[in-house]
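Only one chain is given next, in structure tokens, and it is the form predicted on its own.
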């Protein structure tokens, strides 16, 4: 076996989010127009490693994939042990905008999956002027919780393994076995209470309901992507959302679940290439 040195580079940036210093880790590769890549709840930027290692795409785009605070290599803020982690829409948007400002990014393309896709729609509604387009993957206006999220932070159960067990049902059966288990491994490594705090935002924030028609796709295009095997954000959820946004486009991806870039990267790639082309 020969050694392979990947072109991905990792760095840290310390930024201010609503008066709180946050030291965020991010990886990047390529050159050209900037595409931000945001991960799902309970995971980290490793979900995007296949795109970051795609030489054809990195010859055309500069991809930047952060770890949100509390995720992956981004530590929680000082004093984290004294507070309950509950992600909010305002904190999420402030983090994205502060990250862009700290790196001096001028109207990047935003791409995010699951909770990262939900916040794409929030950014399109409230801060479209800062971005040149939005790729909202496995995203819709709202999904109510269909499980008790308190299960994911109990002293008598391994929250990471419970989270992985839950998401295993949301991976398409066509996913390669190695990527199925790689995807679940990231959830097994999630910090205590982090998946629960993410899901609180994802399932309890209903602020997009009744507001989709205010999103102006002439300012920045919105492209929604959904896998046919996604049981939390179903194709029907994504269709309803796309129908509510004037000018939005929708791609329903066959034989893909809730984590397309991670669970089945080769099947996801042509869909993502098409999405990038739609950003203008």
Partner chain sequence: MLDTPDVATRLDAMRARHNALPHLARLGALFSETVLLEIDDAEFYLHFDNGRLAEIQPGPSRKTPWRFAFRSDGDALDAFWQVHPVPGFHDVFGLVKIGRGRIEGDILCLVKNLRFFKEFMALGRPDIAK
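Numbering follows the first chain given and starts at 1. These numbers were taken from a predicted model, which means no experiment stands behind them.
Same protein, other form: the form predicted together with the partner chain, not shown, and the subject of what follows.
Trainee: Would you please decide whether residue 83 lies within 4.5 angstroms of the partner chain in the model of the complex, comparing each non-hydrogen atom pair?
Mentor: Result no; residue 83 lies far from the partner chain in the model of the complex.
Trainee: Can you check whether residue 79 is within 4.5 Å of the partner chain in the model of the complex, heavy atom basis?
Mentor: Residue 79 lies outside the contact set for the partner chain.
Trainee: Would residue 63 count as a contact of the partner chain in the model of the complex, using a 4.5 angstroms cut-off between non-hydrogen atoms?
Mentor: The answer is no: residue 63 has no heavy atom within 4.5 Å of the partner chain.
Trainee: Is residue 171 near the partner chain? Define near as a heavy atom within 4.5 Å, in the model of the complex.
Mentor: Within the cut-off, so yes.
Trainee: Exactly one of 175, 123, 135, 115 has a non-hydrogen atom within 4.5 Å of the partner chain in the model of the complex; which residue is it?
Mentor: After the contact test, the surviving option is 175.
Trainee: Taking 4.5 Å between heavy atoms as the contact cutoff, choose which of 228, 239, 249, 53 touches the partner chain in the model of the complex.
Mentor: Exactly one residue meets the criterion: 228.
Trainee: Out of the stretches listed (127-135, 161-169, 193-201, 100-108), which one is close to the partner chain in the model of the complex, meaning heavy atoms within 4.5 Å?
Mentor: Among the listed stretches, the partner-contacting one is 161-169.
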